[in-house]
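We begin with a single chain expressed as structure tokens, specifically the form predicted on its own.
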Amino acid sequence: MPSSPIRKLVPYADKARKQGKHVFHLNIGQPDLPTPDVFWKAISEESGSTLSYCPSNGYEFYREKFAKYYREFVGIKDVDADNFIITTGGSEALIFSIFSTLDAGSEIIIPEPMYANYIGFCSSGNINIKPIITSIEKNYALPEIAEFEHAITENTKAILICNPNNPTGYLYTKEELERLKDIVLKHDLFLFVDEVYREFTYGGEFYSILNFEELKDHVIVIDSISKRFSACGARVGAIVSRNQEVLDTCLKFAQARLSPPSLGQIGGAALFDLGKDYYDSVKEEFSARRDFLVGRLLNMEGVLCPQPGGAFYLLVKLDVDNTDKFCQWLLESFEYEGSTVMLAPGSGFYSTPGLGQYEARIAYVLKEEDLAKAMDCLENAIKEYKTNVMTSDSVFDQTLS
């Protein structure tokens, strides 16, 4: 199992705090927005003397609320509670889905850079990732269909994408999804789509893969309330599919782990009553954060930063020799005005060895005031690192040439 690039530097951050440094956490997708009050109110009003197991596929009232949200806000009219299995976060939803449809030795195609845990999930099942490499210079857009065709073998069983994307923030267009649809139908593959960031889109239009009726037996959507409602610790996700055989198999895994979190569903059900005004306000806040962060990064010497179309992440190319080394140095040896910044090294978001060594993921989950201070740290850190730590000349121009 690989270490998480998002969490592996935590011991260094803990040590930095013990040394009196303030650490700006831009390494993990934990929004600083408060979890809406209705979540806490629903839990506080829950009556009963025993906190018991819930059904293995989740409470029916929660699945019904989730399905209603899909019909009213995602525009998918033909889904109901029976199309959902509730899981312990989106991570468990993807694990159950992959293990229900792929065997050890199977191949899954994933565009990279990819969410780091995809690599860990596949590793735990001895499932082989066939990466489709996208580039920062082309804003991480999908390559031509021919590259997918070349990657497919008799062992290929599925394609996995995240839309909008973590770690790049890339928002897939309807045309790109149609290209994937054609490949899936031609080769009879499963298509996993992680849509947990669908509310976070800026400028472009989100298009759910569930809109393609012809893919009803092929598509498995991964969802979660973690990001949408700033409720990461509730640990409530979902598998959404119209393929009953897939759901029946996933349920066996769900039964083996007994049940998803009861309190998370009790509080989470109330969140679905918030409505469009809430989603719009969150999008407005993160859109402003994105614009501020991109503007600051583009003003730094030797930084390449595409404009993300969704989620709340971006992957930047820094003018340093190695971001694994740089991100650890930030926590161990650097401070600016009593603070430092924690980033996620880019190499952990690639399954191909050697890629991502000049990149880092930044999660713009802090308010603008804190982002400004974090960028002051980062800008001064890059200058100091290049002057006192790097032994080679600038790598930035070399990697682009």
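Sequential numbering from 1, following the sequence displayed. From a predicted model like this one, the values you see are computed outputs, not experimental measurements.
Keep in mind that the form predicted in complex with another copy of the chain is missing from the display, and what follows is about it.
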{"query": "All of W40, T50 and C232 within 4.5 Å of another copy of the chain in the predicted bound form, heavy atom check", "finding": "yes"}
{"query": "Another copy of the chain: the contacting residue among T201, S208, T134, S91 in the predicted bound form [heavy atom, 4.5 Å]", "finding": "S91"}
{"query": "Listed residue (I152, M300, L185, L263) with a non-hydrogen atom within 4.5 angstroms of another copy of the chain in the predicted bound form", "finding": "L263"}
{"query": "Heavy atom of D32 within 4.5 Å of another copy of the chain in the predicted bound form", "finding": "yes"}
{"query": "is_contact(A372, another copy of the chain) in the predicted bound form, heavy atom dist at most 4.5 Å", "finding": "no"}
{"query": "Partner contact for K227 in the predicted bound form: another copy of the chain, 4.5 angstroms, heavy atom", "finding": "yes"}
{"query": "Proximity of L366 to another copy of the chain in the predicted bound form, heavy atoms at 4.5 Å", "finding": "no"}
{"query": "Interface stretch in the predicted bound form with another copy of the chain - options 341-349, 372-380, 42-50, 64-72, non-hydrogen atom within 4.5 Å", "finding": "42-50"}
{"query": "Residues within stretch 244-261 having a non-hydrogen atom within 4.5 Å of another copy of the chain in the predicted bound form", "finding": "K252, F253, Q255, A256, R257, L258, S259, P260, P261"}
